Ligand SMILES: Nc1ncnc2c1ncn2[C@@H]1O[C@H](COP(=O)(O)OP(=O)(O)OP(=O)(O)O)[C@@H](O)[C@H]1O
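Only one chain is given next, in structure tokens, and it is the form predicted on its own.
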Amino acid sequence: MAPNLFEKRFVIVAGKGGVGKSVVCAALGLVAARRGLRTCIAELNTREKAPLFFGKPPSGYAYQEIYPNLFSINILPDPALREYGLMKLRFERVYKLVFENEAMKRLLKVIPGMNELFLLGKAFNMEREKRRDGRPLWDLIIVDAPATGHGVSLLRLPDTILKVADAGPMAEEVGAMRDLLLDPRRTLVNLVTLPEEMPVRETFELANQLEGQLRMPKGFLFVNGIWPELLSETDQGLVTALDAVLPPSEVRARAGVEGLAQMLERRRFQEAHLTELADHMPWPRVELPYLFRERFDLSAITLLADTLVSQLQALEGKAA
């Protein structure tokens, strides 16, 4: 059954680099904000994209409202460490004594996974943040996870740390992170792919790890960049016949026919991978169209958001 994505509080979007994870995060954020959910897109130590989609400048390690009810932040390791240190130690002077001496700085640099732990820790703490009246600061946090390999390492990090240190304050914090990642009431992991060979292979591998080793609650498979079905099989045959009889002198007509033929071939190529995904990965699937645009702005994100709404509603209808 398709889960209700917008009933969760911690939504992770993962996949191979270049498949459009950030675009999907932006579209999901827009849908959530329109539903009245105070939402934040958390990018992790990367070149910011979310603000740019909404015509806003990058804001770094600071919450920025990029659309009514929708915010973004780029979580960076150094300010995340500082925020955590001050939260636990409470005093600037004590924080500097503990974390800003050269020995500690060198130690933190050589311990594997520390930067990733600070990134995950900040995202985790966002889920715990409260407003003055005691309500959660965020109704929904959308985490734009790193590309597949780094993303898996990040999600596996709490388990890895707890195998080494299973007691003490750090273990308590990391244990709470792991509890959040494994909690199906709060968390949902979604995958994004393209209908192409390498992204599909990596998506299968990532899905196997999520369902096996990581045991995290699975959400939706977003298949991005799908080319339109332009013609029926009969009409495609006519295009092939036309290409065969057009004389070389008809330059414009031949260019148009060749361009159309290439688009049809592209769709056929994608169709094979769509079938493979349907046969071997029974996740609830949302298909997003390829947008023929030079750049993605609010109008593009709005179009994808509208597509998301219609397909999610269709999946909910099937589940009912």
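Computed from a predicted model, the values in this text were never measured in an experiment. Start at 1 with the first residue shown and count on from there.
The same protein also exists as the form predicted together with this ligand; that form is not shown, yet it is the one meant from here on.
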*What is the one choice in 291, 263, 37, 52 with a heavy atom within 4.5 Å of this ligand in the predicted bound form?*
291
*With heavy atoms only and a cut-off of 4.5 Å, decide whether residue 304 touches this ligand in the predicted bound form.*
yes
*asked:* Within 4.5 Å, heavy atoms only: does residue 74 come near this ligand in the predicted bound form?
replied: no
*Please run the contact check for residue 23 against this ligand in the predicted bound form: heavy atoms, 4.5 angstroms, yes or no?*
yes
*Heavy atom of residue 187 within 4.5 Å of this ligand in the predicted bound form*: no
*Name the stretch, out of 204-212, 219-227, 153-161, 128-136, where some heavy atom lies within 4.5 Å of this ligand in the predicted bound form.*
219-227
